[in-house]
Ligand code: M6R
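Take a look at this single chain, the form predicted alone, given in structure tokens.
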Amino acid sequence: MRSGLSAVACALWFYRLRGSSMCGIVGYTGYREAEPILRDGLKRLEYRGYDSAGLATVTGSGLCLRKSVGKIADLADVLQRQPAPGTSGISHTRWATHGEATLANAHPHLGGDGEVAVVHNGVIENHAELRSQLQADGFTFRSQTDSEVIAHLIAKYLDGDPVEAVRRAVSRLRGTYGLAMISPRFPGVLVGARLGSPLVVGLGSNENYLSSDASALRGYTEDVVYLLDRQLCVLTPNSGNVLSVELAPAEPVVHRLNWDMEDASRGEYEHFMLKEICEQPEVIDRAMAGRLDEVDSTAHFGNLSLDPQKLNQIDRVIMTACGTSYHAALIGEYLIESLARLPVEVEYASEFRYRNPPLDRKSIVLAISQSGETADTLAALRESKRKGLPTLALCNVVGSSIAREADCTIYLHAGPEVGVASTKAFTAQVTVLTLLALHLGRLRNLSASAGTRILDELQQMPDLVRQTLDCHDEVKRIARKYHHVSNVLYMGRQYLFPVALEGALKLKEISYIHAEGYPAAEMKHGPIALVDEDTPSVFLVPQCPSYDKTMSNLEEVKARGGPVIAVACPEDERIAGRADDVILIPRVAEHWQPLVAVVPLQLLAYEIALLRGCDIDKPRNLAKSVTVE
């Protein structure tokens, strides 16, 4: 890479890339022993979630392959008994998709008779067809994975040029891939390729790196290149190139990363999730920084390329997202419709990409993703662009696929989020959506006095969220009371209905307790049948226009013997006599309630999971970002 990229100036300050794919890839070629670097890189990617790990190095005229089922600590035990010497290699953490978590299915996979080793993120949709063809050609398969076909394809085409072999192999793949390969026939050469699954090249002195996530390279390099779709790279210790899939030279941009070691550590906290919950006041501050315009009573976004005239022509907003980002989008729907008087539709990205809804050029599509790599959201964005709609992205990771491909991007500035269960990114998304709703409202019919009031209230939110964190001791007490239950219901109305959904999701994700969120009025339309003495219901009942209605729904649960946990305001004199347990939050205007009401729900999920002995930062079966369907 050194010769191919030396003329490109380092530019831009980048947040550390987080959560870009289910599985982790780390590759190295240089003058040092590869194994410790590969193992250290995988350790930094543990937050993603995985069930097996492995690495391969080039040693002498052969490959040294080491794998384990379980954690990286298990792989380390294997390596202690059987070291993997060599100064170039590839490694991988796998989250099972095709085939169970077994030693045979763990990566790397060998192609041919050990002529190549390959690691792969993504899904190969035509793997069954390719497997049959390769078996007919005499290749023997040792795993159930779709990835092994890539290794055999590269081995089939391997002659005098490993890059040409990779090019020919990927030309036959249908699906997504981020892959890396090494071969003992070409010592010191590391080849990568990307389509739909991220790859990052790290630049060093007499050494180069490849990873699915720049965070794996922390401490080794600050200069990285993000591969684009349909690009390949070929790395040696002293040189390299980025190429198109047709092998034409590319002119990549080198980005300088500013590693924040404080973000990389838990500090005084037992888990990253708790640290990130407690960081939310600062996250709101960062999301607002430089965006509040008190003169015009509005919010501005410096890189919003859609000018006011274009925004005034928009008559519909379509938001597409998954998981926690979807819940933030639902709150954004209330905000934009209230402040800007624009109709909003919120779509699951996984459904929107396959529907054929009527879309017109006066609509704008807003794609929301913490990582900027969520496969379904990225596909929905691309489909919207194909149909000629303007697109806007809200994401946290600079340089991510969604950020690059959207017409314009608003960054969350939440900082790296390591815990798999998203917390502070949700808060940042809601804050930015509030600013966007204010911006759109002031372009239309929202008065200056209303805009000023919103700005004043918003600037108080960091301190109010800090006050909310004081509920932690009460939450701990409630968690001890209910951590043994098997089901929990969450209820809220209006702005707090999406918060109920988010609270239920957090509990499911990290404690493995079944939980569901509902609009409170929907209880009597079916879910009330679930109420019994062993099923607590969490009611979000701060002071708001729907308070009396929500209290009526609470009474229905109490009348049927269901325990009630209420999230309410200190001034509420009625709630103590009706709820079994009460968590107090500051009284705020209705449209700010999600920012304070979500905090005790995050803490409740955390404390219950802690008491149940769950792996909070790396819950089972989950990944930080889903880059496959």
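Values in this document were obtained by computation on a predicted structure and should not be read as measured data. Just count from 1 along the sequence shown to find any residue number.
FYI, the form predicted in complex with the named molecule isn't displayed, but the following is about it.
Heavy atoms of no residue among 52, 91 and 213 are located within 4.5 Å of the named molecule in the predicted bound form. Contact annotation: of the candidates 537, 422, 401, 121, the single residue with a non-hydrogen atom within 4.5 angstroms of the named molecule in the predicted bound form is 422. The partner is absent here, but in the predicted bound form a heavy atom of 325, alone among 325, 105, 431, 553, sits within 4.5 Å of the named molecule. The named molecule is not shown here, but in the predicted bound form it comes within 4.5 Å of a heavy atom of residue 506.
Judged by heavy atoms within 4.5 Å of the named molecule in the predicted bound form, the contact stretch among the candidates 434 to 442, 542 to 550, 368 to 376, 164 to 172 is 368 to 376.
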